[in-house]
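Below you'll find only one chain, the form predicted alone, shown as structure tokens.
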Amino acid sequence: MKYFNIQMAAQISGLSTHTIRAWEKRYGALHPDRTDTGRRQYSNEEIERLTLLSQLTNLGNSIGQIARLPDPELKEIYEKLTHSRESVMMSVQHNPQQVQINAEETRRNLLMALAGYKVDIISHELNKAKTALTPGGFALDILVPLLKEVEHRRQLGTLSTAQITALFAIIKFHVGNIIYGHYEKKVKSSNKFAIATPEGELHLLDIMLGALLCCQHQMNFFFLSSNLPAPSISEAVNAIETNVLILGVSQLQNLKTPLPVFIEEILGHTKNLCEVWVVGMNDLTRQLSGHRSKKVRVFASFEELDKAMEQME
């Protein structure tokens, strides 16, 4: 059985180490094993529970009310809060409901709703799209062009930071819904992906799009987090024995370490990692053109990433 220390448990679940300790001590949310030196160590099942508790508290549940509930009850609550498990699973299984949507019209409706701060309409349109489309369709036909247009309007000054932040929060909720449904399936694939962003890159949406494509192609993947230092990524890759690491990068200027150096540090401290795939909303090909490692692949678009995964099936 694989175990993770509390730092890795925090990074994978999206919680802080302080929060994890508080939930254990005050609420008895879980009871991790200890090493001989007294350090906490968490199993895959415990990290899955932490992630579920994190998602439920983000949806407004009090940790004091749900901390001691068994996993099946937590999952039942989550399914009720996210419009039922059925719609999520149908999306993940490439079996969309018999609801036809026009992607261009959906994007137009989303932009109109965003301009008017109609968050309920935004959520409704995204939910309809994620139910009608496969995860890949949701990513490539709705989210990628939508996010490009949002960035364009941001640069023109026609969308505010508050509007974009609200949109991103709703997108993250719906994408997280699909990802959780994929985890529920316990997909068995010979390929294991880890997905993260380098230290300094706070943008989560790129790696969420990568996760949707993993769902589309039935890949086994671990969604780590954003803003991770190289040693933490290396430790996670070694612990879960992934063979491909997807790094999402949109803002090279914000990275704490130059990206080629960052990648080499990861490759130098991982055992089974075959390749590092770099992708983002911006074209990274020019910036990494001098990187000669055969283990590094740079994707100019998410459509290219989609094709690469298709070839691995």
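Position 1 is the first residue in the sequence shown; the rest follow in order. Take the two forms, find the largest set of C-alpha atoms that superpose within 1.5 Å, and that set is the rigid core. Because the structure is predicted, anything quoted here is derived from the model rather than measured.
This next part talks about the form predicted together with the DNA, which is not shown.
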* To do: Could you check which residue among 26, 271, 256, 68 gets a heavy atom within 4.5 Å of the DNA in the model of the complex?
  => 26
* Find out whether any non-hydrogen atom of residue 6 is located within 4.5 angstroms of the DNA in the model of the complex, and reply yes or no. => yes
* Close approach of residue 31 to the DNA in the model of the complex, 4.5 Å, heavy atom -> no
* Partner contact for residue 63 in the model of the complex: the DNA, 4.5 angstroms, heavy atom -> yes
* Non-hydrogen atom contact residue 295 with the DNA in the model of the complex at 4.5 angstroms -> no
* So which of 243-251, 271-279, 38-46, 256-264 is the stretch with heavy atoms within 4.5 Å of the DNA in the model of the complex? -> 38-46
* C-alpha of residue 32: shift of 2 angstroms or more between this form and the one not shown, rigid core aligned? -> yes
* State yes or no: after fitting on the rigid core, is the Cα displacement of residue 300 between this form and the one not shown at least 2 Å? => no
* residue 68: with the rigid core matched between this form and the one not shown, does its Cα shift 2 Å or more? -> yes
* Hey, the CA atoms of residue 241 and residue 20 end up closer or farther in the model of the complex than in the shown form, with the change being 3 Å or more? -> farther
